[in-house]
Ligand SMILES: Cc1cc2nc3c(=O)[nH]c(=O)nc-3n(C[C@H](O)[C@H](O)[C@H](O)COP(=O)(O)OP(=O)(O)OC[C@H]3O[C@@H](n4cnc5c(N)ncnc54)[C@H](O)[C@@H]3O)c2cc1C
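The data below hold one chain only, encoded as structure tokens and taken in the form predicted alone.
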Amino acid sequence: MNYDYDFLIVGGGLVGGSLALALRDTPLRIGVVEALSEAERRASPASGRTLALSRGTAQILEGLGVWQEVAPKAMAIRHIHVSDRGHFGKTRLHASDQGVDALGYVAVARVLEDALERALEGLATARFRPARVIGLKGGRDGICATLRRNGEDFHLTARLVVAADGGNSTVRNLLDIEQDVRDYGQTAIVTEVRTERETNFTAYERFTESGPLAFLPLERKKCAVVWTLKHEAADELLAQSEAEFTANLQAAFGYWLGRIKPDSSRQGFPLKLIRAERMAEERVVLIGNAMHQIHPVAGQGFNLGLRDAALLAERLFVQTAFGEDIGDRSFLARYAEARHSDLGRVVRFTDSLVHIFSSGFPPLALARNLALIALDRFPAAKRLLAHHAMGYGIRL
């Protein structure tokens, strides 16, 4: 059978674009289907969101040849300060203790999108934009995708389709792949603030009774804020005046960075743990948010999706080198199994943080504060936590 492409990537965003770029030196014929035009992508509010990039993610991006462009516009995280509001426990991580220059970085999504866009422009990869997949028909030998562009439908054949089209994945819906959804009963309020004191390359994770509050350094005196609260409390805060909200945020965070001033509007996002029931289907594989969406505590979402793309690229390279079918069912099953362990570790880690640090039960509060003190005083335990923060994972 003759195919139009070896594989199609549906979704040319951060994860899908990274996958295409990772396979630039292979003989694979790649097609990328993107729902948004370039103008729509740049105007999208999603492009303005803040990304926490682990050290491992920066290394992957360096291998793709885009980190050199992103790095000057990213803020290094050299210190992580973890505390429990109203209690004595705290722990601090320092890049110098781990022998590295940074534990991670903070960047605006648009900076990374622009770098990937420029890198992809130099490739022979075919890009269909704006276009949407409206049908999929898979079989033992290949898969046919029906696309709609400018009101017209056309068909493309491939050996493999990679769904990287986000949380509302069209590909996943077309294949009737169900999702396992767990509602955290929380909303994340996202905003930006100016600070009186310099951030000193420090990321703050402050746990409150309703959920975690993160201050991520964007500039010398500017932070991105992710404040997780129960739905009712979040709705009240979102409805408050700017002065009222700022006063409540200051009270929850404290004066670690002096007085704070609002620097952007507020947005609220309901939080759920969402996992597709299957990562691989007949000649289709799901990666990134099409496969999983996790709690933002510890900032692991994009990092997890990029690891999906990195491992898939590595395995596709090997499969191609041996002349094997990249859409083979057993090949995709092995890939899905390999990613299962990483996803499971991240979910267990984030879930444990959410549940342990959102409880006001006194014995549990005492236990977690003792745990924070122990982490701060035992180098081996601190190394494990730092290892996770850098995107290398720990087993829990």
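Residue numbers here begin at 1 and follow the sequence given. Computed from a predicted structure; not experimentally measured.
The same protein has a further form, the form predicted together with this ligand, not shown here; the description that follows concerns it.
Looking at 32-40, 344-352, 331-339, 63-71, the stretch with residues near this ligand in the predicted complex, meaning non-hydrogen atoms within 4.5 angstroms, turns out to be 32-40. Contact check for A234: every heavy atom lies farther than 4.5 Å from this ligand in the predicted complex. Contact between A58 and this ligand in the predicted complex is not found at the 4.5 Å heavy atom cutoff. Interface membership of L51, defined by any non-hydrogen atom within 4.5 Å of this ligand in the predicted complex, is confirmed. Contact between G299 and this ligand in the predicted complex is found at the 4.5 Å heavy atom cutoff. This chain is displayed alone, yet in the predicted complex one of V82, V193, A131, L175 has a heavy atom within 4.5 Å of this ligand; that residue is A131. Taking a 4.5 Å heavy atom cutoff to this ligand in the predicted complex, none of the residues in 109-128 make contact.
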